[in-house]
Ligand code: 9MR
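Just one chain is shown here, as structure tokens, and it is the form predicted on its own.
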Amino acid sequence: MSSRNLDFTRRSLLKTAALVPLASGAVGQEADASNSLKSKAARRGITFGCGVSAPQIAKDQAFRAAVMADCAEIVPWAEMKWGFLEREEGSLDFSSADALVQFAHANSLKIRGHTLVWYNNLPPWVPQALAGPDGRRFYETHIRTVLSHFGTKVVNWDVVNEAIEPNDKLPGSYRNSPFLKRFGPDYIPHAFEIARSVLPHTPLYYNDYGIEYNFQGSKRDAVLELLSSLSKRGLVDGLGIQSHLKIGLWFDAKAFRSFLADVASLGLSILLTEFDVNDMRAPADIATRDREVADHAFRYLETTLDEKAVKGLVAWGLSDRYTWLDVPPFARRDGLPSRGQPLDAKLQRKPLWDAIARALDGAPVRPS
């Protein structure tokens, strides 16, 4: 998750009890397993899932059922991030993350790891600790401890998140983060080296946002250069493209398809890790807005899913009931609720759900 939804995450995440498994079933419509997004995706060799928080799963039975009806995978919004796990130095709390893992395994869902190294959502004590003489030990211990705790219960990991930012105007377009200040650019391959040593057979990903549109070309180039370097050393297995889309921006399908092919040529898999559509520039009328959201999403997904290296699609919330898109400054100026998720606030399918379904139906089958 990018820093843009951090405030919303902090407010929404509460201490939770253990999660209770629930039988699957669609909400507000006839349950049809063969017509679910997860089934359509699976027929193409793709995994469809959504981002969730522990309180949503623990407390909202209807939403929990909707997740199980449409998703084969879940991704914790924040429960596996450093700022959530270790608010106080040396005091690790895995309870919420463990509850999500337990829920996933009890209901035959996969669960992704998100994320080990991110410049944001750090505990207040970490930047100073990193800058101190034991900074490398803190860094390495965090990665090893988290990966060792979850082991193979997690299917893959976003090892490093959002390490590229051309606007910071540093060599290599690296983001000016606490990690870069302390260790230099080597903190990125070092994180992957540690992760590979702990979990040698678990796929490891670099995850980033802001590469979907042509005006973000310099970031695309820097991400591709980073991936190439990591790939040559056998450290990375794939790229996570967050896919936070925005109505009103022009999407160049041909250029982006070429970028995906370049990533695939490195022998890497691609995941669409945080998919949603910001509709703040769309009209207030719901029917018109839903159509614009669906059309924009379909154009993007038709392009991305045409690349066989794209193996996963994660909706960042699934329902408008839980969306970071209603949080300023990304909320609509007219105060109307965002409609950037596949299901509305009542968990009913919207044109965006249909657009995702059509894109999945039209995608080529991945080799097994």
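All residue numbers are counted from 1 along the displayed sequence. Bear in mind that the values here come from a model prediction, so they are computed numbers and not experimental data.
A second form of this protein, the form predicted together with the named molecule, is not displayed here; the remarks below concern that form.
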item	value
Partner proximity in the model of the complex: residue 242 to the named molecule, non-hydrogen atom cutoff 4.5 Å	yes
Contact flag, residue 112 vs the named molecule in the model of the complex, heavy atom cut 4.5 Å	no
Contact test in the model of the complex: residue 48 vs the named molecule, heavy atoms, 4.5 Å	no
Contact test in the model of the complex: residue 96 vs the named molecule, heavy atoms, 4.5 Å	no
The named molecule in the model of the complex reached by all of 77, 118 and 161, non-hydrogen atom within 4.5 Å	yes
Interface segment, criterion being heavy atoms within 4.5 Å of the named molecule in the model of the complex, picked from 197 to 205, 97 to 105, 78 to 86, 181 to 189	78 to 86
Sequence-ordered residues of 308 to 335 touching the named molecule in the model of the complex, heavy atom within 4.5 Å	316, 324
